[in-house]
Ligand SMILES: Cc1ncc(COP(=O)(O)O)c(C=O)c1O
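Here you get one chain, nothing else, as structure tokens; it is the form predicted alone.
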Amino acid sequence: MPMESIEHLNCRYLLQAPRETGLPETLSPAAALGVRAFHRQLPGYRPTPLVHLERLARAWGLGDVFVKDESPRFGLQAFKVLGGSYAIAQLVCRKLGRPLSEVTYAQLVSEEVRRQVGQITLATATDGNHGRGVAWAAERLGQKSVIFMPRGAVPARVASIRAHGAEVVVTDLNYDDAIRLACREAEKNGWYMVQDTAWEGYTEIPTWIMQGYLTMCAETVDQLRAADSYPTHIFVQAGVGALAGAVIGYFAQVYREPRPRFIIMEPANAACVFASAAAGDGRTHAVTGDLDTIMVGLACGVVNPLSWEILRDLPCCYTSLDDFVAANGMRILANPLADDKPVESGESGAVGLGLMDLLANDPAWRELKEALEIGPQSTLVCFSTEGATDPVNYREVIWHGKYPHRG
């Protein structure tokens, strides 16, 4: 049950005492080994940087701050391709009747496999990054993709998906309704849905997508160990919760004692995990409406049921945050202190650093900082899940101060 709820500057937070819950083998370190073995075969694979913001941590009175920078991932500016590529490879291997562990990437993209599998069409709904990852994977496999996007889709994101040969349908719907439309069209046309959330009768592909994200998680653990650092606080953003479920489900199995504190972050207008946790009845609760936010990759109103038990039980804090928090994070990451490295972080990627800024520097958030026991001995980790996928808005935020701090 929730312990405390406070609101400030259109931001809310909710504290709870984490509970023990069963952790799925699908998100275990053992499962990550197979996922990484696949991704390492992809041309251009290399671990993305874990940026150590040492000067920033010192200035903020913290032990350490680390940011996993996903902007260079396969040249696609986002982590999402990890899930889409792994799920699509699993789907093709299912049609071949062979386990992915016995099929190399070179075989997957070969003419022989294309002949055996035949022509298939992959469909999904996306705000941008997931759809680009699906289109990229389909292009390499010589398959078709149809990508549905909600209203207000950024032209640069539409163009980046079309550049991979996908058919893009920009709808007049919000994200959740775009998923429903994509499902109807897929069923009518015999396409394969590759969606990063689950529903009754559709769980296998979303599970594969969550497993795909384990490569990012396992890289982060390796990089923290190389830095001789142990995370005390892990900040992770939630849209439908697939990423958050994968991150928490994995890190809770790697770091068992002491277990890090997990902090969930969502946009104020699309905080379905927050709403579900606040209800206190153990069930998920949808958020409806326009879901309007600059954090479009997080503009989702329905929680992924595959993640819900993890997200219900293991976080110690849920936050619902105004757009200025993400914008502040973007500006801070782009303008580092002294010899800290800059990070190009998009709207959905920078919210973690933005929340850290509030906790470190805003007196109104001191109570939460103390409750989370964040201080000079803390090692904070967050995930910059995308680069500047909307370059026009990125410049307006960084150059011209769009979405200013409201304190």
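Residues carry their position along the shown sequence, with the first being 1. Only a predicted model underlies this, so the values are computations on that prediction, with no experimental measurement involved.
There is also a form predicted together with the named molecule; it is not shown, and the following applies to it.
Of the candidate stretches 215 to 223, 254 to 262, 90 to 98, 297 to 305, only 297 to 305 has residues whose heavy atoms lie within 4.5 Å of the named molecule in the predicted bound form. This chain appears without its partner; in the predicted bound form, the one residue of Val134, Leu321, Ala238, Leu333 with a heavy atom within 4.5 Å of the named molecule is Ala238.
By the criterion of a heavy atom within 4.5 Å, Ser145 is excluded from the residues contacting the named molecule in the predicted bound form. Using a 4.5 angstroms threshold between heavy atoms, Asn129 counts as touching the named molecule in the predicted bound form. Shown alone here, Tyr250 lies farther than 4.5 Å from the named molecule in the predicted bound form, counting heavy atoms only.
With a 4.5 Å cutoff on heavy atoms, Tyr86 does not count as touching the named molecule in the predicted bound form; it lies far away. Residues of 55 to 89 that come within 4.5 Å of the named molecule in the predicted bound form, judged by any heavy atom, are Phe79, Lys80 in sequence order.
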